[in-house]
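Taking the form predicted alone, here's one chain by itself in structure tokens.
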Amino acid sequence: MLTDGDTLIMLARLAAAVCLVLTPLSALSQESFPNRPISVVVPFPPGGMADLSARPLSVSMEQVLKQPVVVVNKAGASGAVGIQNVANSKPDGYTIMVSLVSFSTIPEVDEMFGRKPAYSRDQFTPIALLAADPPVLAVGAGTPWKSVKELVEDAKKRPGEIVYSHSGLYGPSHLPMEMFLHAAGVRMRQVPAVGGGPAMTLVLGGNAAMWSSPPAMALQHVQSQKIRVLASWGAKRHAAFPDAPTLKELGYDVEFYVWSGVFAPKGVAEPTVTILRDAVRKAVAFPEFKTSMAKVQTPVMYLDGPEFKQFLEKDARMLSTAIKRIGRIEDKK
């Protein structure tokens, strides 16, 4: 007959045996990631910068991870729907996201308008920066300005008369223009469009004088002499427009990038995050990825997770300042 002491000893031995069995299983589970398909959520419709970055990335990641990597477009509310979906997804590494600069601006705008933010930036773990392309200041061929100096001098003489277009309030062509105008101390009238294509059409048709254009979109119209590029928002001159100075060169302390980056929901296990970071690092080095990005005139600017996090923090501070300076557009009507 077993005594109470014997029973306790047996239970202790059983617990120790269970631990010995479960520990290698747990380690094996971590080591086997991934063992099923990974979804890459793009919170925008097909064809935009995030989508054009995510698709070649997914193809290259499949070769690295030996598992399917599938792009899923979840558009809505300027990206908020898809981003919120990933924020609330299971943090197991099987749902990641490729998003744009609006990742940082949406919560700021929500807060300014007194709305509950759809998500917060701290709900995500940065995996890698893929690309960061500064927009360019594109003016219509029929405008008189051949330099930023001429443009600013004219704008100071006619405050609020010159019209610029953009692809949406607080978006990646509205914010850089407002940052430039503030730095230059001039006022212009803004005309929102429903996307980048319509914003460019307003300039080409003479209904707006200029806009902050993606370089790839501007290039074809520069070549056909329908627009001119006066400057860019980068820290250094854009390779596609080597004759156009940066606004920083001209004395305006503004910098802006339309970037795309990879995120995972917060809470993904560190070993899994490491595997994802390593997979993206290897994927962006594939010739196929570089070729795909070159075709859409988007230079690869890779930063690993820790460096990408620093980039995000600096970028978010700059964007927050710009948004607060602009204020609530509806209040200015």
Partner chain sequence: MADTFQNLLLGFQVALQWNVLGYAFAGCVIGTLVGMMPGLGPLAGISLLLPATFGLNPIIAMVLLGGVYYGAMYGGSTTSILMRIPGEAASVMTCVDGYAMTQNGRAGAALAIAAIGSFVAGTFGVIGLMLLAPTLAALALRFGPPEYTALLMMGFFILAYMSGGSMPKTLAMAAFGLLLGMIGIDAMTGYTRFSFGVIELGDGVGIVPVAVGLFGISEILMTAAAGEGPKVRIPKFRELMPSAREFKDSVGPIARGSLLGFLIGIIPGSAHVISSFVSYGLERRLSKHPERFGKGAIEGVAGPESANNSAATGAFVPMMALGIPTGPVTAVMIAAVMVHGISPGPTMIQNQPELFWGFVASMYVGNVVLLILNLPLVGLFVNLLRIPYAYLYPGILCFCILGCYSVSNSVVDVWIMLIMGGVGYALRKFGYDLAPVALGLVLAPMLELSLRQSLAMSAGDYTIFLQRPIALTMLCLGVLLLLLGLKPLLSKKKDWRSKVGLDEVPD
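Numbering follows the first chain given and starts at 1. Remember, it's a predicted structure, so these values are computed and weren't measured experimentally.
Absent from the display: the form predicted in complex with the partner chain. The rest refers to it.
Exercise for the section: Using a 4.5 Å heavy atom cut-off, state whether residue 123 contacts the partner chain in the model of the complex. Expected result: Answer no; every heavy atom of residue 123 is more than 4.5 Å from the partner chain in the model of the complex.
Exercise for the section: Would you check, heavy atoms only and a 4.5 Å threshold, whether residue 192 touches the partner chain in the model of the complex? Expected result: Result yes; residue 192 sits at the interface with the partner chain in the model of the complex.
Problem - Exercise: residue 275 in contact with the partner chain in the model of the complex, heavy atom 4.5 Å - result: Residue 275: no, not in contact with the partner chain in the model of the complex.
Problem - Contact of residue 55 with the partner chain in the model of the complex (heavy atom, 4.5 Å) - result: Residue 55: contacts the partner chain in the model of the complex.
Handout entry: Option touching the partner chain, based on a heavy atom within 4.5 Å in the model of the complex, out of 87, 229, 169, 240
Key = None of the other options qualify; the answer is 169.
Practice task
Find the only residue in 37, 267, 306, 46 having a heavy atom within 4.5 Å of the partner chain in the model of the complex.
Solution key: Here the answer is residue option 46.
Problem - Heavy atom contact within 4.5 Å of the partner chain in the model of the complex, the stretch among 79-87, 179-187, 131-139, 144-152 - result: Only one stretch passes the 4.5 Å heavy-atom test: 79-87.
Practice task
Could you list the residues in 267-300 that come within 4.5 Å of the partner chain in the model of the complex, counting only heavy atoms and keeping sequence order?
Solution key: Heavy-atom contacts within 4.5 Å come from 295, 296.
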